[in-house]
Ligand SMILES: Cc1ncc(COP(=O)(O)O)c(C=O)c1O
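For reference, the chain that follows is the form predicted alone, supplied as structure tokens.
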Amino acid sequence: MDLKNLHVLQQLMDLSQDCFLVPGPVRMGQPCLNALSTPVMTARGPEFRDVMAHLNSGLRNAFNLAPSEPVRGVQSWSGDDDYKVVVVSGSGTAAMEMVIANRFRSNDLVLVPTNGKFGERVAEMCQRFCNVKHLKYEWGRAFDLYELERQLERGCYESLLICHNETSTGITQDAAAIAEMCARHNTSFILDGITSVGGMPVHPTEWKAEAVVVGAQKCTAGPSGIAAIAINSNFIERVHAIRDQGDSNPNYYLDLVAALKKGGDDQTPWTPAINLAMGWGAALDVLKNESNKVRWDRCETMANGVRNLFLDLGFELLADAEQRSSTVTSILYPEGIDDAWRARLKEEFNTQVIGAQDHLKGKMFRIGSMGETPISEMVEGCKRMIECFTQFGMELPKVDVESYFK
């Protein structure tokens, strides 16, 4: 686009404000940014224990667990249920590795169905610490629940692990149905909820999940580099039993036993991510004030709007229709268009979405609908995407974008 035409477009469409519509890391709100800029404090004094108590309480709300008091010295990590929350100074992948490395022995057999990049990462992590039956489905295709049932009937699996919400393909697994099968077959159920907790219904207690993982920078709109796990008493007992038997996998920094020794005192075993913890606590306050239900509904409204809009425009979506995600939508490029469109969208329309991974790279783009993103930003971003596609020679039907998000 030449400068003259770009100036005309800017007059028609206010491009001064960016539209940041990626499925994490998401934009952090001002309360989070303010907290991140707080002067550093000692990691072992009462001030940081206050920070941890506040963070633990906010995490319990995000995990959809019973509430706890955000006060140090009163077991802020636990509530009136069977779960404790543990903060991890690392990304969601670090938290997932902590779960796997501590929960399983090298000769345990686990079942991992996958239909995208991040589920496959769970399977790869498990391969480092135990034996794995990897059911590898086509990216974006729903799990075959009948096949999972048949596998669980064998009675040989210590656990079934899933990536609950697969952002690489825009599909959400039927966690409730899988949890019910695991309960009937007395098999542990573990969720990578990194991109679902805080953005869609997650029910650890109802699902009897032994462990659920969340990353701060996704649906809770916190900073990158800090994560948490929610674990129940079965998980904790098994970790201690494996350690007492001298049969545990090698670990040090991600030693859950060490984390459990410190967690009840609102501390971490090693130097914590101090400012990240403060920022995340502030972001979780925003979530609590909005309420889980309202945020879930807002994310779903945006995802539904994006899906219906682009379907009406003639695009194809990757994920199976009955299990499309509320926090990310994967849209296939029309023939003749690739990531050059995405580059122009960023450079000339001040709008960011994200591309695809592995074998789908250059064939698809993904729109995030998570965190604190307002519906108005999603509407504006979609308008800019449509305009950018027209510049690539696409003839698209006229649509009322706002009407898709009401």
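What you see is a predicted model; the values in this text were computed from it and never measured. In this text, residue numbers run from 1 along the sequence as written.
Although it is not shown, the form predicted together with this ligand is what the next lines describe.
Each of 92, 165 and 195 near this ligand in the predicted complex, meaning some heavy atom within 4.5 Å?
Contact check passed for all of 92, 165 and 195.
Report whether the minimum heavy atom distance between residue 105 and this ligand in the predicted complex is within 4.5 Å.
Judged by the heavy-atom cut-off of 4.5 Å, residue 105 is well away from this ligand in the predicted complex.
Distance check, residue 151 to this ligand in the predicted complex, heavy atom within 4.5 Å
Although this ligand is absent here, residue 151 would stay clear of it in the predicted complex, with no heavy atoms inside 4.5 Å.
Answer for residue 217 alone: is it within 4.5 Å of this ligand in the predicted complex, judged on heavy atom distances?
Yes, residue 217 is a contact residue.
Would residue 118 count as a contact of this ligand in the predicted complex, using a 4.5 angstroms cut-off between non-hydrogen atoms?
Yes, residue 118 is a contact residue.
Sort through 316-324, 274-282, 301-309, 187-195 and report the only stretch with a non-hydrogen atom within 4.5 Å of this ligand in the predicted complex.
Among the candidates, contact is made by 187-195.
For 369-406: residues with a non-hydrogen atom within 4.5 angstroms of this ligand in the predicted complex?
The stretch does not touch the partner at all.
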